[in-house]
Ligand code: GUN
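Next comes just one chain, in structure tokens: the form predicted alone.
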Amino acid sequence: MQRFEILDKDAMGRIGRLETPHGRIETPALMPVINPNIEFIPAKDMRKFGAEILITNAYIIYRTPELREKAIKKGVHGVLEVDMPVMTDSGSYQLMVYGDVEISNEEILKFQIDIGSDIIVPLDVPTPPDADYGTALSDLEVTLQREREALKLERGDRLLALPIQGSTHMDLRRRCAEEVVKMGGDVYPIGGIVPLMDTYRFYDLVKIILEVKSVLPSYAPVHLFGAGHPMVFALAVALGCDLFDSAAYALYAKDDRYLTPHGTKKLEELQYFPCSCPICLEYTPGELRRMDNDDKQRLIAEHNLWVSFEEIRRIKQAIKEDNLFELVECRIRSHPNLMFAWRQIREYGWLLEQYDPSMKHSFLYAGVESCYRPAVLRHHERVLNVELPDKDEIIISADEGVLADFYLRPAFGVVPIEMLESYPAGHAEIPPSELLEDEALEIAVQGLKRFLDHHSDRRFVIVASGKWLKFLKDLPENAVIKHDKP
């Protein structure tokens, strides 16, 4: 049975509906992590922040006699005192940190089923980044075997998550993705990526996501395991991730760290709160600093939740408005590692092309990364098939004030006069060429050269001046340049 329905799309991101035994959730969705052993922000209070689903650790419940007994009697929802979807982790995090757990894969799977988890997870092996190939392969084989064991269990209507592992070896990530698709899970978590985020290795994170997405079918809901910082949500959603879990809201608060979509602030550094959530409107940074530790940490954690769910809503609205690319291109400028990580989409244009809608309202240029959007690549391909006018010389002008058959626009290259009012090139807000990065013009000229080569039997006059002339060199023999200004 198909549990995931896609409602809206932009970039590789989507708004979707995921059906669970305890109700429907809308994605992108953030799952606050609830530690059943620690009293902090109660699970039953999470709805007020925007949570539709929670995640807790079945292994911790299993290993705590009092919680285990309560869970067997009342179920995991009774332990958390909620009637909303709950996903349970299997203890893989503890396995990664401590190297071993005192439970078998079959035991923890059956326990998750018995306590009524909505989404259950096998005891996969999260291999650290940069592990040697043999170790990563061995861990992957164990993970796949445990996932096959999970498929054999009777789980009723509970959803099964099949984690995708493989460390930083991309061929292993692809292989794992291929295998779990054959098995047929309900949710596909990408695991083992927390150490990459902790060390700002966003380049590797993006590479892993794109490699996995190149294998998974479009209808597969993807969970980015351990990604709980709002600064990565927009980027990850734009690459096709649907579910996130956050322990960061609590862990960061315990270290007086204040989350924003642009990064992390230390409470001691703040004189003003750059936020309008209920916490930041009621208190000043100085007032929080003077509080006792427990109250201070709880209030920072509440802010961290408010800002995290606000970012999820902002992303959903961006999808609705077809400007998720613009939001991402704004967010990646909060850290240079994010910006260079995102630029990898140049190598995966074919993949984004499969997901990104071909018709939108507008194209807002936000930097050189805008040149890598599918709309630009798609235009370069489609313009090759435009019918040419029946005349001896065809005019292509870089100045829209000059009457021409085609126009030369940054990034897009050749634009037919008939398309100057159409998306994407005609609905593109782009600064004047003299103010743009060189690459925006270089990409346009590359498209021009392809266009000229494609129509090698026709003659063209290129009208240009200023900065364009720097790049209009080595054109095919069927084109000549005419300066439109002295």
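Predicted model only: the values in this text are computed from it and were never measured. All residue numbers refer to positions in the sequence shown, first residue = 1.
Form predicted in complex with the ligand: not shown, discussed below.
The ligand in the predicted complex is not approached by residue 180, whose heavy atoms all lie more than 4.5 angstroms from it. Interface residue remark: residue 85 is not counted as part of the site for the ligand in the predicted complex, having no heavy atom within 4.5 Å. Mapping the unseen interface onto this chain, residue 225 counts among the residues with a heavy atom inside 4.5 Å of the ligand in the predicted complex. Among heavy atoms of residue 416, none comes within 4.5 Å of the ligand in the predicted complex.
Look at 387-395, 319-327, 297-305, 187-195: in the predicted complex, residues with non-hydrogen atoms within 4.5 angstroms of the ligand sit in 187-195. Between the options 116, 261, 374, 126, the residue in contact with the ligand in the predicted complex by a heavy atom within 4.5 angstroms is 126. Taking 121, 332, 315, 411 one by one, only a single residue has any non-hydrogen atom within 4.5 Å of the ligand in the predicted complex, and it is 121.
Scanning 133-170 for heavy atoms within 4.5 Å of the ligand in the predicted complex gives just one residue, 165.
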